[in-house]
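Presented below, as structure tokens, is a lone chain in the form predicted on its own.
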């Protein structure tokens, strides 16, 4: 059964609800059992992997809304239809014969940083590490839409995955849409390889969408169908989920491009439980990565006990991939607080305080790392 276009027909109970639907309210209390269950199913990228230009697939962040599908690639087909001149149905072998591109892309979950908000929106309790960068290989979406022939009155393209479940009391398959102008960008790819190998199951095998610059919810995994539509898509993952809202009743605005962010490789060694850092006095190379859905990061500053210093920026890996930054520091004994703050070419800069919203989306607050120099 295709659930993707079904809309809410009743008010969900608190047990059914997740962020994006009426029910559970933000809390200042401890993590709930349901949040811990989500945290066990999904995983983030260890911050020490910021040393690497490319994230290994097993360490790249993963968020799955429902169960991971297990399709048979030999019988799998992608269907393209709707407001097109000719409908297409393609198997994976046919897609491999089409022209391919490879794009380096940093993907970040829109809920990254949610657990740092106060009060805390109740959902997947990300801290800061819901991110990763990979090389994605596949067929440009614009190429296949060109073969299908998009009709002049089309306004959006809807992507439906094979993963199905219930969220906010609504049965559905995971589905999202893009405006036509975004869908026709030359770098949007229907990917069948990640870092040169077949997609791992958790990353959307056998085919997924990758939308450079947008938060990860737009890059639909386990892709099953593409429908070109003449009116805006209003499925659950488009509305009411993934909105910037001030309250549950606020219609809000849609979550789209990734807000500018930088993260630091935690220096020294950690305490097992608290993750507080310990290091020896002397020269230390502070380093990390910065990225933005608006394109190039233009500057990164490093805060050392409240004093901000400009960091060196390496050349970016790609237009929508993170950029390494570094700053040498001579650590003197005592307690220190380190931070990093990025600015992109639009002039947007990371905030020093939380960016609170009801669903806990787009919280790009500055990272702070407490260190003890012994």
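Numbering follows the first chain given and starts at 1. The structure displayed is predicted, hence computed values, not measured ones.
The following text describes the form predicted together with a small molecule, which does not appear among the structures shown.
Engineer: If contact means a heavy atom within 4.5 Å, which one of 62-70, 307-315, 24-32, 336-344 is the stretch that engages the small molecule in the model of the complex?
Structural biologist: Selected range: 62-70.
Engineer: Which one, 202, 238, 137, 115, lies within 4.5 Å of the small molecule in the model of the complex by heavy atoms?
Structural biologist: Selected option: 202.
Engineer: Of the residues 172, 262, 133, 219, which one places a heavy atom within 4.5 Å of the small molecule in the model of the complex?
Structural biologist: Selected residue: 219.
Engineer: Looking in the model of the complex, any heavy atom of residue 163 within 4.5 Å of the small molecule?
Structural biologist: Close contact exists here: in the model of the complex, residue 163 approaches the small molecule to within 4.5 Å, heavy atoms only.
Engineer: Using a 4.5 angstroms cut-off on non-hydrogen atoms, would residue 228 count as touching the small molecule in the model of the complex?
Structural biologist: No - in the model of the complex, heavy atoms of residue 228 and the small molecule never come within 4.5 Å of each other.
Engineer: If we define contact as a non-hydrogen atom of the residue within 4.5 angstroms of the partner, is residue 208 a contact of the small molecule in the model of the complex?
Structural biologist: Yes.
Engineer: Residue 109: heavy atom within 4.5 Å of the small molecule in the model of the complex?
Structural biologist: Yes, residue 109 sits close enough to the small molecule in the model of the complex that at least one of its heavy atoms falls within 4.5 Å.
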